[in-house]
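Okay, here we've got a single chain as structure tokens, the form predicted alone, with questions on binding and movement later.
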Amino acid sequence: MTQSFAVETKALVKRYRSVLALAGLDLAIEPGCFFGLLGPNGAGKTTAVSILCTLLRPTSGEARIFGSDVVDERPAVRPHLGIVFQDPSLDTELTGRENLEIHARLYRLSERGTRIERMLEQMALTRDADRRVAALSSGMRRRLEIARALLHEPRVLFLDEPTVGLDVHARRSLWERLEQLRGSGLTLFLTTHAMDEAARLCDRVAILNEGRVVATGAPQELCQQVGGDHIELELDRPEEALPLLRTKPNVQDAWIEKRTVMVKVKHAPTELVALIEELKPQGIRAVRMREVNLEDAFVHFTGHKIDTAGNLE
């Protein structure tokens, strides 16, 4: 293992009695990368973060932050880490500014006031800084947690499912703030089951399945490995369409999801007209065409889909 990586794991294993949470996790993340660890609930994402943040000991294997071992060299590792936990951890009876002040004192930071004001401004919280946290929206609380995690200027920021429970507006607002951190030299480590979130934010991702990485690369690279396009057909009689579709040489796969026939083809624009003509007897209600996305790649590499709550379907 080498110090040239911001985060590196080798054959990392964590077992809870009879449950194998991590089954040999191998990661190598370069400094400044916005990295995403993808998987459903229970895939081992939070376990991996807890080990990397020195909060949990692995059963076996190695994990390092900028070359320092997370077990044997914890005092050297911890100053480099910023953590936004999945569960809220702010003191809701204090103001936002007071939460940051406590964090700054714990880290014995110099120029505390200047640092706090800078982070409040960066997270668009200056106007609400003196309100009690209990009165802030869930999106504001998440931004405040990120401000706190960045206050001591860590080299790696861990974000464990940071948008869970946020509404659409708060989620997109948080994405915009995280995008502003890209290119700052900070390494960001995101865990998520939201494929659209990973596709928008991450430079590289690793897909986790049953505690192991089954694919890694840039989101677009993984989509290209899957290949093909998707056509979605809402039909009156979808079951009748499948046998016909599976005889077509350019159809790579066809299946039904909630009365919609999903067709994977080599090149959707050239196949669409012919498919519509042949499927007219099945009663076409609607037709949609799209390129392969990261969710398709996840299904391809794991054989599973993830529902909106983060569970395997």
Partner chain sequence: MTAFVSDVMTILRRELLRYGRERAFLLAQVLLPVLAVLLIGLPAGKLGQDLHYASYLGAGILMLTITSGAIGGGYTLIEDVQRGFLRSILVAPISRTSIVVGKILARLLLSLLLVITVGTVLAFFTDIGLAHPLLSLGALVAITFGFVALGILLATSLRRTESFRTVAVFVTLPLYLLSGMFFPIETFPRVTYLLALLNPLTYGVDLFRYGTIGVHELPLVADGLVLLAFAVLMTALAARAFERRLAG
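Residue numbers count along the first chain shown, from 1. Bear in mind that the values here come from a model prediction, so they are computed numbers and not experimental data.
There is also a form predicted together with its partner chain; it is not shown, and the following applies to it.
Q: Please check if Thr192 has a heavy atom lying within 4.5 Å of any heavy atom of its partner chain in the predicted complex.
A: The answer is no: Thr192 has no heavy atom within 4.5 Å of its partner chain.
Q: May I ask you to check whether Ile146 falls inside a 4.5 Å heavy atom distance of its partner chain in the predicted complex?
A: Ile146 lies outside the contact set for its partner chain.
Q: Does Thr260 reach its partner chain in the predicted complex, with heavy atoms at most 4.5 Å apart?
A: Heavy-atom contact with its partner chain at 4.5 Å: absent for Thr260.
Q: My question is simply whether Ser50 lines the interface with its partner chain in the predicted complex - judged by any non-hydrogen atom within 4.5 Å.
A: Output for Ser50 is yes: heavy atoms within 4.5 Å of its partner chain.
Q: Which of 134-142, 192-200, 74-82, 171-179 has heavy atoms within 4.5 Å of its partner chain in the predicted complex?
A: That would be stretch 74-82.
Q: Between the options Glu240, Glu221, Asp167, Glu93, which residue brings a heavy atom to within 4.5 Å of its partner chain in the predicted complex?
A: Selected residue: Glu93.
Q: Find the only residue in Val287, Ala274, Leu244, Leu55 having a heavy atom within 4.5 Å of its partner chain in the predicted complex.
A: It is Leu55 that has a heavy atom within 4.5 Å of the partner.
Q: Scan 216-255 and write down, in order along the chain, each residue with a heavy atom lying within 4.5 Å of its partner chain in the predicted complex.
A: Residues within 4.5 Å: none in this stretch.
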